[in-house]
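Single chain ahead, written as structure tokens, the form predicted on its own.
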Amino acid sequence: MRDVIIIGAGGGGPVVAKELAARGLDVLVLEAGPRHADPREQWTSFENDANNPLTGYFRLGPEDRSRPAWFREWPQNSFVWQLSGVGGTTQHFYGNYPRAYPGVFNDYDKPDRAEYDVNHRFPFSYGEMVPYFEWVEATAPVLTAAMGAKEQTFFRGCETLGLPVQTTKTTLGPSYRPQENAVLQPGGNAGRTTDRNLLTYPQATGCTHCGYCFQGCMRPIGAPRNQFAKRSTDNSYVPMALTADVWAPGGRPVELIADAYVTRVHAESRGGALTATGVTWRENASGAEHREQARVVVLAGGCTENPRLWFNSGLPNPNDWVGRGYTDHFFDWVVGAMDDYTGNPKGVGSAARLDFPPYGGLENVGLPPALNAFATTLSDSGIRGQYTNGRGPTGPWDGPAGRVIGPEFKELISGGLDRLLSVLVITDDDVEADNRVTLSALPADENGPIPKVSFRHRNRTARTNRNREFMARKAAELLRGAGAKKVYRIDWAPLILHVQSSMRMGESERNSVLDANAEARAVKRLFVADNSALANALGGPNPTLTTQALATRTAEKIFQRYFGGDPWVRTESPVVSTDPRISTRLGELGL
């Protein structure tokens, strides 16, 4: 009998594992995908090697790369960016860690209160969340991003909008600032030289400005895993969970089994309440099945996989909200062509942002060549000016929205990527019940029926559409102010990323799966601790920090409710994930 079984080692599961391992509990983490224990041998910096959905090392699939990727049914003309493996989607993110806007919590009472998604608020206050934000920010650690020419250009545009510089971590109004980022600041030779021989740990520490954040971080060369620059959970929380006995008094290291697919959550009636009792999982390599009992089970497999597992386990769905509310951020790209050098693909991927609550935000994102091509050619308007199905035919950008081709494309890239500035639009999207995960009618795979994602990707609410149009115009104004000689709006086609809320917590039993403790309303001792537990789209900020802060809070609730312990976030100080005791033990364990 385990104390806790956690299903999934992505952005949220390792947080619960680390926190409860530090309390001395017996924790088992089961991850469906591989564990890249030696990324310098297993990864490259080439974009296709990492991101190809069929063959890339970040694809959704088993460890054996000769086997096909796992198939998922999603709407045509869209793409769900879903990864497997220890670290989950944090393996290839940009390390952005902004807090959710206060307006998405249930105590917000400012004049713009009604401008947010008022029907789907968090069931507690922003003030209650702040200590958990601070705990995660210290653990990761979250720092002000290292910046360069592209950020300087971005800020030059921000200055023309008449907005103030934000000086706190809490976003209180329209403002701009350096990105709150979980990428270690460069130290030693890092950032001072391009000589690779001088960029080896410990002569260089933190970010070496290699510019390949999206491919997974494996630098500085020679660094212990917990000293890699980007704080994806495979570099931060997972090493802490595996070494909890050396940095936490009374701590107990977790057991992590990768390439292990959970096919069923077991539950039985106890005291008149349906109660989770354990799981069945299978080894991807051999197909062998195992049954494990536990006092508490935590779902952390993501917004698509959690509903699938719920349905395949035959668990009840009394209000029909399991899998509903599948919410992303309605992205768009606005790109400026500059006369001057921007260093667009160089350095930390995204290190400056502008927030505009309650509409959303803008981020500068430096993209390497293939990803830049992907971002600027995936358009719901098609070739700009050639169809009538697009949006944004008029606005502060030049000409109609859409992808750029032909002589105009040659002109756009004539100065190279180093003369572009790419701005990502991220919006506050309404939670919509009709966007959902169900079981597909297509043939099942070896793990049972597969999930189907139904998403009204272009038929958003009036508020969501308003937010996107407002922020796209602000992006164009910013680029004009930064000196762009020409501004292009891409009208990005649906790439379903930053997915949230498919197992949402909420104030009302009518439209939420989880209560205010992130425990399933219908099944006791069953919790959810990833993006799917979020109550809404956060106002637009990137979800990683809020997910991990909420997972920390959930770990406390589990410990208090089912193991008779006391909470710790308000009474103790967190250990930073780069602690040298962790580095030493990783070396002893050969990790």
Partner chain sequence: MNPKPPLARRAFLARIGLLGAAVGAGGLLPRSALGPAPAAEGDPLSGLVGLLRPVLAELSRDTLNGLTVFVVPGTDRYSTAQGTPSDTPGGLAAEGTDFLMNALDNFVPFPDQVAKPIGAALATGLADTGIELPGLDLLPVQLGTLDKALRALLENDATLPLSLPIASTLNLLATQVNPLAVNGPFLSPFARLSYAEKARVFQLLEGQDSDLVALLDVHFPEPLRHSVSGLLKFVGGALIEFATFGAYTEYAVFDERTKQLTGRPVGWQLTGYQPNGPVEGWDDFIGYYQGRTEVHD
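Please read all numbers here as calculations on a predicted model, not as lab measurements. Residue numbers count along the first chain shown, from 1.
This protein has a second form, the form predicted together with the partner chain, left out of what is shown; the following refers to that one.
- Within 4.5 Å of any heavy atom of the partner chain in the model of the complex lies no heavy atom of residue 285.
- The shortest heavy atom separation between residue 417 and the partner chain in the model of the complex is within 4.5 Å.
- A residue is said to contact a partner when one of its heavy atoms sits within 4.5 Å of a partner heavy atom; residue 69 meets this definition for the partner chain in the model of the complex.
- Using a 4.5 Å cutoff between non-hydrogen atoms, residue 462 does not count as a contact of the partner chain in the model of the complex.
- Using a 4.5 angstroms heavy atom cutoff to the partner chain in the model of the complex, none of 205, 338 and 396 count as contacting.
- When the partner chain is considered in the model of the complex, only one residue from 257, 370, 433, 118 comes within 4.5 Å through any heavy atom, namely 370.
- Proximity to the partner chain in the model of the complex, defined as a heavy atom within 4.5 Å, holds among 246, 497, 315, 210 only for 210.
- Contact annotation: the partner chain lies within 4.5 Å of heavy atoms from the stretch 149-157 in the model of the complex, the single such stretch among 149-157, 232-240, 266-274, 422-430.
- Using a 4.5 Å cut-off on any heavy atom, the residues of 399-423 that reach the partner chain in the model of the complex are, in sequence order, 403, 405, 406, 407, 409, 410, 413, 414, 416, 417.
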